[in-house]
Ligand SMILES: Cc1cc2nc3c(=O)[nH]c(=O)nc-3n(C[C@H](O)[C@H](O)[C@H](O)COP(=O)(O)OP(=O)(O)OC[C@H]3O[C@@H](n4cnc5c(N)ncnc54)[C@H](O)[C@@H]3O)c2cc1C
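The chain below stands alone and is given in structure tokens; this is the form predicted on its own.
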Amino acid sequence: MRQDSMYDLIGVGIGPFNLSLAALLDDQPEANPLFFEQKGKFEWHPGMLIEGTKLQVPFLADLVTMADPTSKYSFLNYIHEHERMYQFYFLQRLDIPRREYNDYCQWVSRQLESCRFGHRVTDLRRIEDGESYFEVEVRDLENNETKVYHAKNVILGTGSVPAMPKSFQGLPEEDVFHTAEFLRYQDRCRKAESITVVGSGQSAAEAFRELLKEQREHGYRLDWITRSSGFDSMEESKLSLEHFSPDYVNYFYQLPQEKKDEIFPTQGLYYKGISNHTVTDIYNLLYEYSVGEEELNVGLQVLSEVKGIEQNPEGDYRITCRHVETDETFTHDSEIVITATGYQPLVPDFVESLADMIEWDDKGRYKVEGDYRLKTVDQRNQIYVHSGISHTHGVGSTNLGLAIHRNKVIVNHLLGRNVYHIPEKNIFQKFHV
């Protein structure tokens, strides 16, 4: 079925980044956007919405506040509308529960007519028909009806998907799974005799902490294996946090791509380390459990790279590891194996139909303009992008606070005027000379 309306912008995916953009554009009467998400409602890492986990950025990094503190879609207005202002006032915290952030985003999404959930974008084509535009094919997953929409511009906000090593794929998913599925299989873990977490980032630490809290109650053996040299804390000093600023984005963007590729791998602790409070929680539990015990039924193994996994005849799993410094090989058996092996950008299949339009670098990555448009052979219609841009815009590309700055830039470009002021200086230090 043809849709004759021409939208200014169609967004693919409704995670926090595109939801923020939808909320900001909702206050611009001349804008005519539409956003699609295949999930039935907004969900932000539902498998890791563990009680007690906190957002790793202040609540000011909500969907709108850092662009427009007066917006009705702010977190503080969410608190006000739910009559929880005094409770939040007495909480005296900048960080908020992760479950509350998800609930806040759902509250915003329910108010935005531009957001369509339960709709999957199945194809995206560039059309030349007197004028140039994008044709977007969308399937309504409730009635399986397909419609075609037209847009002058599109924005890809498809986020990321769990990265599972090949050797872990194809095994029973209730026994070997990614941390993204942790809550789904938490009851299964409680019935196991042994559990092993593989990985060393925040997700690994949160899953391990939750399992450790219940370990003595359920009696399972609990292990944590990482190839890293230690269970390192995230770099959270105030001046280090200034790497998550528009100033650093601008500095990083202007570097040669070769230099960017050299710098980025060295910055893991800015975004992949474990928050200090999580490390403290784990250590405190281990210390308490050690009182009066000869040996804990818990193991933490560093410097150990997992090389493969196979199922034993007994039904559990044998993990083969290599010590990265001594080159020794050893095995470890476990009934449950949870991988915290990160995420990778999701590049939808329909992007292939635009491959001739998009410019790619020599490593097969998007080339991206400073204002978050894909570099294309024809700039009459824009493809804005939220994910898969760390190689061009740096360490803060997945940061919730910087996403607001990105959306300010996108809104200004899309509407052709300075809707939002972009300050030239936001931090105390300088990254350039």
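None of these values were measured; they are calculated from a predicted model. In case it trips you up, residue 1 is the first one in the sequence shown, and so on.
FYI, the form predicted together with the ligand isn't displayed, but the following is about it.
The closest heavy atom approach of residue 337 to the ligand in the predicted complex falls outside 4.5 Å. The shortest heavy atom separation between residue 157 and the ligand in the predicted complex is within 4.5 Å.
Interface residue remark: residue 367 is not counted as part of the site for the ligand in the predicted complex, having no heavy atom within 4.5 Å.
Proximity of residue 384 to the ligand in the predicted complex falls outside the 4.5 Å heavy atom cutoff. Proximity to the ligand in the predicted complex, taken as heavy atoms within 4.5 Å, picks out 49-57 from the listed stretches 370-378, 64-72, 25-33, 49-57. Between the options 171, 346, 85, 285, the residue in contact with the ligand in the predicted complex by a heavy atom within 4.5 angstroms is 346. For the marked spot (246, 390 and 395), a heavy atom within 4.5 Å of the ligand in the predicted complex is absent from each of the three residues.
Taking the ligand as it sits in the predicted complex, the stretch 389-424 comes within 4.5 angstroms of it through a non-hydrogen atom at 398, 399, 400.
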